[in-house]
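The chain below stands alone and is given in structure tokens; this is the form predicted on its own.
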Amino acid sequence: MKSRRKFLQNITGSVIAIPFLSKIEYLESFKNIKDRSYDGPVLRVAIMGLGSYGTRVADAMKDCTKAKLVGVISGTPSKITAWQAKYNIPEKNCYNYENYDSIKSNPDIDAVYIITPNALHKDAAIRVAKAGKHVISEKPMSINAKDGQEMIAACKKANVKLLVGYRMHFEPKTLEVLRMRKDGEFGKVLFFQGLSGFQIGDPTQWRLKRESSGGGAMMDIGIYSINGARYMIGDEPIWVTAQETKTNKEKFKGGIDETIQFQLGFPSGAVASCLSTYSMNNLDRFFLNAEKGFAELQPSTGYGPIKGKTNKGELDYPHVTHQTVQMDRMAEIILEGKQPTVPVDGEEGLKDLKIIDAIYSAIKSGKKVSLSL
């Protein structure tokens, strides 16, 4: 039995990716990487939520050139002490959940990366925005579209950025598939399949408590297939249907979904068939079928290495540490105004939340639900 964090494979290397370059330029960028110097602006980040994924992000940021971990926010004093020692965090940049509004007067922190249980994202984002700091929220951005809209409004009012931790939007093999699709190499897209799942372990963890997670597998691993269907097809869905299966009503109770199959329809006629589950392993696959070819990523969203192929052969970009690239690219978005190939802003996160809301609605009604994203 595994949690999602253990299920997704360990990082196997740390290199800086530049996803906006051609393949030749991309590979060239890896040469003498340790000798490269950077003297431009650096995004100074505090991490809120010092659990396993927060630790993964912190470790990955050691290799960033444009982003730096400078602060922590946690409700556990012992974690704060441990992180101070491990990551050289000054005492003045350490906060708890009661006092972190005071980051407003701390000029050494530019942004806060919220890596807490899903249901806590909205309130934290609003407080961080009111403190005048940029917000990075782990995905899903919140537990429903209403909360997501409130987060967007708060950040707009405070004139700060709201970004979401969509690390796959910077992954080179994924981006190569998107380039090929945009350039017409696959022809008209017909079908997408997204499989996202694993057998979840500890029944007492927050992911299996609705008040913390907002739902079950759909609010955890299922977000990958939702978001993946959109960026792989390159369009926004206009309807959704969904069906829920529950085999263990004791473990998956109180609004916690175990397995959901859902289907998305797109304006072009393309369809997506996806599965989100907490009860099956070996499910991490994206498949795109089109008139002239196909693309397959398997694993498609794990921490790495991502493996992929198309009708033209294997995708052989080097593995990159997703969170390192993500944080450097987010620094560029916040500090330099750069735009990624696939958006990672609050509006992107809101679209996924609207789809999640519609999936739950479709399950409840048993009917097709229209979407307007």
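Predicted model only: the values in this text are computed from it and were never measured. Residue indices: 1-based, along the sequence shown.
Quick note: we don't show the form predicted together with a small molecule, though the next part is all about it.
Asks: Check each of N227, S300, S196, T116 and return the one that places a heavy atom within 4.5 angstroms of the small molecule in the predicted bound form.
Replies: Contact with the small molecule in the predicted bound form is made by T116 alone.
Asks: Using heavy atoms only and a 4.5 Å cut-off, determine which of R210, R127, R285, K79 is in contact with the small molecule in the predicted bound form.
Replies: After the contact test, the surviving option is K79.
Asks: Only one of these stretches, 63-71, 49-57, 342-350, 309-317, has heavy atoms within 4.5 Å of the small molecule in the predicted bound form; which one is it?
Replies: Checking each option against the 4.5 Å cut-off leaves 49-57.
Asks: Indicate whether the small molecule has at least one heavy atom within 4.5 Å of a heavy atom of Y95 in the predicted bound form.
Replies: No - in the predicted bound form, heavy atoms of Y95 and the small molecule never come within 4.5 Å of each other.
Asks: Check whether W206 has any heavy atom within 4.5 Å of a heavy atom of the small molecule in the predicted bound form, and answer yes or no.
Replies: Answer yes; at least one heavy atom of W206 falls within 4.5 Å of the small molecule in the predicted bound form.
Asks: Could you confirm whether D220 comes within 4.5 Å of the small molecule in the predicted bound form, counting heavy atoms only?
Replies: Contact check for D220: yes, within 4.5 Å of the small molecule in the predicted bound form.
Asks: At 4.5 Å between heavy atoms, is E138 in contact with the small molecule in the predicted bound form?
Replies: Answer yes; at least one heavy atom of E138 falls within 4.5 Å of the small molecule in the predicted bound form.
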